[in-house]
Ligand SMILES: Cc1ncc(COP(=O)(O)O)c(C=O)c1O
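One chain comes next, on its own, written out as structure tokens in the form predicted on its own.
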Amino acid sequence: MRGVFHTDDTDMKLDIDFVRTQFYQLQDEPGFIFCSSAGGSYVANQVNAVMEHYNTHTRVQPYERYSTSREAGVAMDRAIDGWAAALNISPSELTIGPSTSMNTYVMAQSIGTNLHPGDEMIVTNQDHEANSGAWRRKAEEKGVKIRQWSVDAQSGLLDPGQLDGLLTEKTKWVFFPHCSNIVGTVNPVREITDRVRRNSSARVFVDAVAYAPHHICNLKSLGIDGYAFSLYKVYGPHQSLMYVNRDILHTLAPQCHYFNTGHPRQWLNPAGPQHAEVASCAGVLDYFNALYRHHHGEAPRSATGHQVQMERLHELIREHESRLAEPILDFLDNATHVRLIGKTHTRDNDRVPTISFRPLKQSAREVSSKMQALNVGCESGHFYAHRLITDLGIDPEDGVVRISLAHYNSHEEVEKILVALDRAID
């Protein structure tokens, strides 16, 4: 059995061999390189174990008094309580739903009751459509003015300084992504939220679908009002976690059955939970615990222990992912016939390994097909960031080529991706 690392934290590296043993799917196709994690990650073994156990032994209506039902309820509560602790929020502030697109839609219905003609909200054109379209539609329905915080038309980056000119006393909500699923650059959430607070009384909601696979944040430290991400992109089941600060929850219109309004966790959930899927959300935390123990030993048992664990894992993962992304970014930045979207390097520690580029001599589909034929599983398209792709001057019908890595990818795989890129864009 592989032992726990005991090196000093300052020179610790992610043990990629250990990581890869935690994902059965990585063993299924020798020679195939999966680099489409931004669309949906591989599932950790621990998640599959929880799901299988639930479906095999506790597939009954939970929370009744007989033993199997009690066990089912305990399994679901373990996931809810565990994720609340990991995010540094109360379980009453956590909604688990089938997808971030659905959670965002429900949230839009909830805030709509308090919107009136003449109000304003700010959205970006950097978002996945799920964190843009729902708010835009609700604004149109309620007569609310949309102010768009627009990206730089060449790089795709957002400038926080431009937000000041958009905020007014009429601004009710500001919506933006923690990280774009195309651009790959991390937006400074705390800095942006502080800027919003200084210049308005607006609420802040952040879409973290493209960021959470790389870092599970302490949400209270971000100063936000709402935050959502999809666990099926964080090595888990097809579920979404949404945080809404308890201080504003009851100012929002309930979306649950009327008789459930006394239960905050159900306030923004119009349907019953998917029991096995909710329970298996705990498997993601089981995986993170295994990863932490392997590198650091047992997690600290304190009030801040979960946040310490997530931050130390983030340090390991960020360093590994930066070393994966850097040679690909360098290759594309120096390639003659491509346009690289976003930052060209990882030196500022604000670039996740989601890398998009536009071929200049071929279609994106042609390039991605050539790479797929070389056993490199990348993707092409607009990836639901239709407004962003369009405003970057790119035909959304073809879009960009996207290489999206995660910490389970290896340096050997990156070498093969570079070979495939060289052949595909030549």
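Start at 1 and count along the sequence shown; that's the residue number. What you see is a predicted model, and the numbers here were worked out from it, not measured in a lab.
The form predicted in complex with this ligand exists for this protein as well; it is not shown, and the discussion that follows is about that form.
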{"property": "Joint contact, S110, Y227 and N245 to this ligand in the predicted complex, by non-hydrogen atom at 4.5 Å", "result": "no"}
{"property": "In the predicted complex, H306 touching this ligand (heavy atom, 4.5 Å)", "result": "no"}
{"property": "Non-hydrogen atom contact A130 with this ligand in the predicted complex at 4.5 angstroms", "result": "yes"}
{"property": "Exercise: K233 in contact with this ligand in the predicted complex, heavy atom 4.5 Å", "result": "yes"}
{"property": "T346 within 4.5 Å of this ligand in the predicted complex, heavy atoms", "result": "no"}
{"property": "Contact segment among 212 to 220, 196 to 204, 287 to 295, 93 to 101, judged by heavy atoms lying within 4.5 Å of this ligand in the predicted complex", "result": "93 to 101"}
{"property": "In the predicted complex, the one of T171, T124, Q266, N181 near this ligand [non-hydrogen atom within 4.5 angstroms]", "result": "N181"}
